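What follows is a single chain, given as C-alpha coordinates, in the form predicted on its own.
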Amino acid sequence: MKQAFKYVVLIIGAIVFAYPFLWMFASSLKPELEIGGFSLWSPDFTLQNYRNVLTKIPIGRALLNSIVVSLSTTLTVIVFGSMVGYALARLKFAGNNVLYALILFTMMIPFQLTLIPQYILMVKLRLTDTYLALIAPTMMSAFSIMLFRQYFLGIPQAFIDAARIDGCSDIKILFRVIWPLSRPVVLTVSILTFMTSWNEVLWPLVVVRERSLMTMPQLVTLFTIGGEAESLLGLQLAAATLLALPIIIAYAFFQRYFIESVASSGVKG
(Lines give C-alpha, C1' and ligand atoms only; values in the text may rest on other atoms or scores of the structure.)
Protein backbone atom coordinates (compact mmCIF):
# COMPACT_ATOMS: atom_id res chain seq x y z
CA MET A 1 0.00 0.00 0.00
CA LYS A 2 2.87 2.38 0.77
CA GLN A 3 4.45 1.74 -2.62
CA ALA A 4 1.11 2.23 -4.36
CA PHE A 5 0.56 5.50 -2.49
CA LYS A 6 4.03 6.73 -3.49
CA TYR A 7 3.36 5.96 -7.15
CA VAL A 8 -0.02 7.71 -7.04
CA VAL A 9 1.56 10.82 -5.52
CA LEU A 10 4.38 10.79 -8.09
CA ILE A 11 1.96 10.36 -11.00
CA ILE A 12 -0.21 13.22 -9.76
CA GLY A 13 2.86 15.41 -9.33
CA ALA A 14 4.09 14.53 -12.83
CA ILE A 15 0.71 15.41 -14.35
CA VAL A 16 0.54 18.73 -12.49
CA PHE A 17 4.08 19.58 -13.61
CA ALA A 18 3.72 18.44 -17.24
CA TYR A 19 0.21 19.79 -17.93
CA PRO A 20 1.24 23.43 -18.62
CA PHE A 21 3.82 22.27 -21.18
CA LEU A 22 1.37 19.86 -22.80
CA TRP A 23 -1.28 22.60 -22.89
CA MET A 24 1.19 25.02 -24.48
CA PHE A 25 2.08 22.53 -27.21
CA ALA A 26 -1.53 21.46 -27.83
CA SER A 27 -2.78 25.06 -27.89
CA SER A 28 -0.10 26.04 -30.40
CA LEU A 29 -1.74 23.57 -32.79
CA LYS A 30 -5.29 24.87 -32.25
CA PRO A 31 -7.15 27.63 -34.12
CA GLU A 32 -7.14 30.93 -32.24
CA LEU A 33 -10.78 30.68 -31.14
CA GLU A 34 -10.25 27.30 -29.39
CA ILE A 35 -7.24 28.24 -27.25
CA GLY A 36 -9.23 29.55 -24.29
CA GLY A 37 -10.24 26.13 -22.96
CA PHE A 38 -8.32 23.71 -20.75
CA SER A 39 -8.77 20.72 -23.05
CA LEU A 40 -5.71 19.28 -24.79
CA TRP A 41 -7.65 17.86 -27.73
CA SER A 42 -9.08 19.64 -30.73
CA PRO A 43 -10.58 18.16 -33.91
CA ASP A 44 -9.10 21.07 -35.87
CA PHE A 45 -5.38 20.69 -35.15
CA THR A 46 -3.29 22.72 -37.61
CA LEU A 47 0.32 23.77 -38.17
CA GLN A 48 -0.67 27.24 -39.37
CA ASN A 49 0.66 28.97 -36.25
CA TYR A 50 4.11 27.45 -36.83
CA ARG A 51 4.03 28.40 -40.50
CA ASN A 52 3.23 32.00 -39.56
CA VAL A 53 6.06 32.11 -37.01
CA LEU A 54 8.59 30.71 -39.48
CA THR A 55 7.59 33.26 -42.11
CA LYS A 56 7.53 36.26 -39.75
CA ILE A 57 10.88 35.81 -37.98
CA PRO A 58 14.22 34.14 -38.92
CA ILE A 59 13.89 31.43 -36.30
CA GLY A 60 16.44 29.16 -38.02
CA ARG A 61 19.21 31.77 -37.86
CA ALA A 62 18.28 32.55 -34.25
CA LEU A 63 18.55 28.83 -33.41
CA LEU A 64 22.04 28.72 -34.93
CA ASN A 65 23.05 31.85 -32.99
CA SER A 66 21.84 30.36 -29.71
CA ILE A 67 23.72 27.12 -30.35
CA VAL A 68 26.96 28.98 -31.16
CA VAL A 69 26.70 31.26 -28.14
CA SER A 70 25.63 28.55 -25.68
CA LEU A 71 28.27 26.04 -26.78
CA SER A 72 31.03 28.66 -26.77
CA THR A 73 30.02 29.88 -23.32
CA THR A 74 29.83 26.34 -21.96
CA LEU A 75 33.25 25.37 -23.35
CA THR A 76 35.00 28.47 -22.00
CA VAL A 77 33.36 28.18 -18.58
CA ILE A 78 34.50 24.55 -18.28
CA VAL A 79 38.08 25.28 -19.37
CA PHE A 80 38.66 28.50 -17.43
CA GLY A 81 36.57 27.46 -14.43
CA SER A 82 38.46 24.18 -14.04
CA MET A 83 41.82 25.97 -14.37
CA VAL A 84 40.97 28.47 -11.64
CA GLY A 85 39.39 25.76 -9.50
CA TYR A 86 42.52 23.62 -9.81
CA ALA A 87 44.78 26.54 -8.87
CA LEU A 88 42.69 27.33 -5.79
CA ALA A 89 42.43 23.69 -4.74
CA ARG A 90 45.93 22.36 -5.39
CA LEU A 91 48.39 25.25 -5.76
CA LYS A 92 49.65 26.93 -2.60
CA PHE A 93 50.26 30.67 -2.99
CA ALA A 94 49.84 33.81 -0.92
CA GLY A 95 46.25 35.05 -0.83
CA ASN A 96 44.71 31.77 -1.98
CA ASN A 97 41.84 31.86 0.52
CA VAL A 98 41.36 35.62 0.12
CA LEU A 99 41.03 35.24 -3.65
CA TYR A 100 38.52 32.42 -3.20
CA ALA A 101 36.51 34.58 -0.78
CA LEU A 102 36.44 37.40 -3.34
CA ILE A 103 35.20 35.01 -6.01
CA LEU A 104 32.42 33.84 -3.71
CA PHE A 105 31.57 37.47 -2.93
CA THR A 106 30.95 38.19 -6.62
CA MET A 107 28.16 35.58 -6.55
CA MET A 108 26.23 37.85 -4.16
CA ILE A 109 26.26 40.83 -6.55
CA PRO A 110 23.08 41.00 -8.68
CA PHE A 111 23.68 40.94 -12.41
CA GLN A 112 21.61 44.13 -12.79
CA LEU A 113 24.26 46.12 -10.88
CA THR A 114 26.99 45.23 -13.37
CA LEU A 115 24.78 45.48 -16.45
CA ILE A 116 25.48 49.15 -17.23
CA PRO A 117 29.28 48.99 -16.62
CA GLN A 118 29.51 45.89 -18.82
CA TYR A 119 27.50 47.58 -21.56
CA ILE A 120 29.73 50.69 -21.42
CA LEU A 121 32.77 48.42 -21.69
CA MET A 122 31.31 46.66 -24.74
CA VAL A 123 30.60 50.03 -26.38
CA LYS A 124 34.12 51.36 -25.74
CA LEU A 125 35.61 48.14 -27.11
CA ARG A 126 33.26 48.36 -30.12
CA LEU A 127 31.97 44.85 -29.53
CA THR A 128 28.24 45.56 -29.64
CA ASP A 129 26.32 43.64 -32.30
CA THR A 130 28.91 40.85 -32.33
CA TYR A 131 29.03 37.29 -31.07
CA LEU A 132 31.88 38.27 -28.76
CA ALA A 133 29.60 40.69 -26.91
CA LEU A 134 27.28 37.77 -26.09
CA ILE A 135 30.06 35.36 -25.10
CA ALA A 136 32.81 37.42 -23.42
CA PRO A 137 30.95 38.48 -20.22
CA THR A 138 30.00 34.86 -19.46
CA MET A 139 33.33 33.16 -20.15
CA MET A 140 34.02 32.94 -16.40
CA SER A 141 31.59 31.76 -13.74
CA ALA A 142 32.13 32.04 -10.00
CA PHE A 143 29.67 29.20 -9.43
CA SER A 144 31.60 26.84 -11.72
CA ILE A 145 34.88 27.81 -10.01
CA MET A 146 33.38 26.93 -6.64
CA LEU A 147 32.10 23.55 -7.89
CA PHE A 148 35.43 22.65 -9.52
CA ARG A 149 37.48 23.69 -6.50
CA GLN A 150 35.37 21.75 -4.03
CA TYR A 151 35.36 18.65 -6.22
CA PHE A 152 39.12 18.79 -6.90
CA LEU A 153 39.76 18.91 -3.13
CA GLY A 154 38.30 15.42 -2.91
CA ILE A 155 40.70 13.89 -5.46
CA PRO A 156 43.57 12.01 -3.74
CA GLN A 157 46.87 13.88 -3.78
CA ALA A 158 48.63 10.64 -4.75
CA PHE A 159 47.36 10.91 -8.33
CA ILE A 160 48.79 14.41 -8.68
CA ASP A 161 52.11 13.45 -7.09
CA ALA A 162 52.45 10.47 -9.42
CA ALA A 163 51.82 12.72 -12.43
CA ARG A 164 54.44 15.21 -11.22
CA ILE A 165 56.99 12.39 -10.85
CA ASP A 166 56.28 11.44 -14.47
CA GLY A 167 57.13 15.00 -15.49
CA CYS A 168 53.64 16.39 -16.10
CA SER A 169 53.07 20.13 -15.82
CA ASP A 170 50.04 21.54 -14.03
CA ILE A 171 48.21 21.95 -17.33
CA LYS A 172 48.78 18.30 -18.25
CA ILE A 173 47.78 17.20 -14.74
CA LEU A 174 44.53 19.13 -15.04
CA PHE A 175 43.49 17.91 -18.48
CA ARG A 176 44.98 14.39 -18.45
CA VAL A 177 44.58 13.38 -14.81
CA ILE A 178 42.01 15.57 -13.08
CA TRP A 179 39.47 15.89 -15.89
CA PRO A 180 39.01 12.12 -16.44
CA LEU A 181 38.39 11.75 -12.69
CA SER A 182 35.93 14.67 -12.60
CA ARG A 183 33.26 13.62 -15.08
CA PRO A 184 30.32 14.29 -12.68
CA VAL A 185 31.26 17.90 -11.96
CA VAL A 186 32.18 18.59 -15.60
CA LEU A 187 28.76 17.34 -16.72
CA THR A 188 26.99 19.31 -14.00
CA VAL A 189 28.72 22.55 -14.95
CA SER A 190 28.14 21.87 -18.66
CA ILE A 191 24.41 21.30 -18.30
CA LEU A 192 23.77 24.20 -15.94
CA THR A 193 25.89 26.62 -17.99
CA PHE A 194 24.29 25.61 -21.28
CA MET A 195 20.76 26.00 -19.91
CA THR A 196 21.57 29.36 -18.33
CA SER A 197 23.16 30.68 -21.53
CA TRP A 198 20.33 29.34 -23.71
CA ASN A 199 17.63 31.07 -21.62
CA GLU A 200 19.46 34.42 -21.29
CA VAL A 201 17.34 37.32 -22.57
CA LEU A 202 18.31 40.57 -20.82
CA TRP A 203 21.96 40.80 -21.90
CA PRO A 204 21.31 40.01 -25.60
CA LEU A 205 18.55 42.64 -25.62
CA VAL A 206 21.09 45.21 -24.41
CA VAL A 207 24.09 44.51 -26.69
CA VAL A 208 22.55 43.12 -29.89
CA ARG A 209 20.27 45.02 -32.26
CA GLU A 210 21.14 43.28 -35.51
CA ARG A 211 18.35 40.82 -36.29
CA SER A 212 20.76 38.35 -37.87
CA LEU A 213 22.71 38.07 -34.57
CA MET A 214 19.75 37.69 -32.21
CA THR A 215 19.42 34.53 -30.13
CA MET A 216 16.19 32.55 -29.92
CA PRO A 217 15.05 33.87 -26.50
CA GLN A 218 15.73 37.43 -27.62
CA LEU A 219 13.95 37.02 -30.95
CA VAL A 220 10.96 35.25 -29.40
CA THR A 221 10.69 37.94 -26.71
CA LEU A 222 10.68 40.72 -29.27
CA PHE A 223 8.22 38.75 -31.38
CA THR A 224 5.73 38.27 -28.54
CA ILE A 225 5.90 41.71 -26.93
CA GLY A 226 7.00 43.82 -29.89
CA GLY A 227 3.78 43.57 -31.86
CA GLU A 228 4.82 41.11 -34.57
CA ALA A 229 2.63 38.40 -33.02
CA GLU A 230 -0.37 40.77 -33.46
CA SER A 231 -1.64 39.78 -29.97
CA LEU A 232 -2.46 36.29 -31.30
CA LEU A 233 -1.97 33.77 -28.52
CA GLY A 234 -1.49 30.89 -30.95
CA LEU A 235 1.55 32.55 -32.54
CA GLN A 236 3.04 33.34 -29.13
CA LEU A 237 2.58 29.76 -27.94
CA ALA A 238 4.09 28.39 -31.15
CA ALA A 239 7.14 30.63 -30.74
CA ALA A 240 7.48 29.60 -27.08
CA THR A 241 7.26 25.92 -28.06
CA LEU A 242 10.02 26.33 -30.65
CA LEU A 243 12.15 28.00 -27.99
CA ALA A 244 11.67 25.20 -25.46
CA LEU A 245 11.89 22.31 -27.92
CA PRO A 246 15.73 22.14 -28.25
CA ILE A 247 16.19 22.03 -24.46
CA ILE A 248 13.53 19.30 -24.14
CA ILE A 249 15.17 17.22 -26.88
CA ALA A 250 18.63 17.69 -25.35
CA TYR A 251 17.34 16.65 -21.92
CA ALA A 252 15.66 13.57 -23.40
CA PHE A 253 19.02 12.44 -24.83
CA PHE A 254 21.18 13.38 -21.82
CA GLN A 255 18.70 12.62 -19.02
CA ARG A 256 20.76 9.72 -17.64
CA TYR A 257 23.97 11.75 -17.59
CA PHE A 258 22.18 14.73 -16.03
CA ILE A 259 20.76 12.68 -13.16
CA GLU A 260 24.08 10.87 -12.68
CA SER A 261 26.06 14.10 -12.57
CA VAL A 262 23.71 15.82 -10.12
CA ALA A 263 23.50 12.76 -7.88
CA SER A 264 27.24 12.08 -7.74
CA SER A 265 28.56 15.63 -7.52
CA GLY A 266 28.36 17.85 -4.52
CA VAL A 267 30.16 20.36 -2.38
CA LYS A 268 32.94 18.70 -0.41
CA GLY A 269 35.30 20.10 2.17
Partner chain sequence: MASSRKSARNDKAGYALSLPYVIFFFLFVAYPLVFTIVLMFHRWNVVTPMEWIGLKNFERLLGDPLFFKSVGNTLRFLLIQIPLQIMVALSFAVLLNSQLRFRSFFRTLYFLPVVVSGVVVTILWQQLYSYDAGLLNRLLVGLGVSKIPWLVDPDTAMPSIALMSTWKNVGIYIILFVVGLQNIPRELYESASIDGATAMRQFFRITLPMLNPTVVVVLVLSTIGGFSLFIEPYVLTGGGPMQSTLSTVLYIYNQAFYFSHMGYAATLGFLFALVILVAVLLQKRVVETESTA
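Positions refer to the first chain, counted from 1. The term rigid core refers to the most C-alpha atoms you can superpose between the two forms while keeping them within 1.5 Å. As the structure is a prediction and not an experimental result, all values here were calculated from the model.
The form predicted in complex with the partner chain is left out here; the points below concern that form.
- request: Only one of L147, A89, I78, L187 comes within 4.5 Å of the partner chain in the predicted bound form by heavy atoms, so just point that one out.
  value: None of the other options qualify; the answer is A89.
query: Of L71, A163, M139, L181, which one comes within 4.5 Å of the partner chain in the predicted bound form, counting heavy atoms only?
result: Going through each option in turn, the one that passes is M139.
query: Is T46 close enough to the partner chain in the predicted bound form to count, meaning some heavy atom within 4.5 Å?
result: Output for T46 is no: heavy atoms all beyond 4.5 Å of the partner chain.
message: Even though the partner isn't displayed, in the predicted bound form is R209 close enough to the partner chain, meaning a heavy atom within 4.5 Å?
response: Contact with the partner chain, yes.
- request: Although the partner chain is absent from this view, report whether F253 comes within 4.5 Å of it in the predicted bound form, heavy atoms only.
  value: Outside the cut-off, so no.
task: May I ask you to check whether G60 falls inside a 4.5 Å heavy atom distance of the partner chain in the predicted bound form?
output: The answer is no: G60 has no heavy atom within 4.5 Å of the partner chain.
task: Output the sequence-ordered list of residues from 31-65 with at least one heavy atom within 4.5 Å of the partner chain in the predicted bound form.
output: In sequence order, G36, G37, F38 come within 4.5 Å of the partner.
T106 C-alpha moves between this form and the one not shown by 2 Å or more, core aligned: Yes; that C-alpha moves by at least 2 Å between this form and the one not shown.
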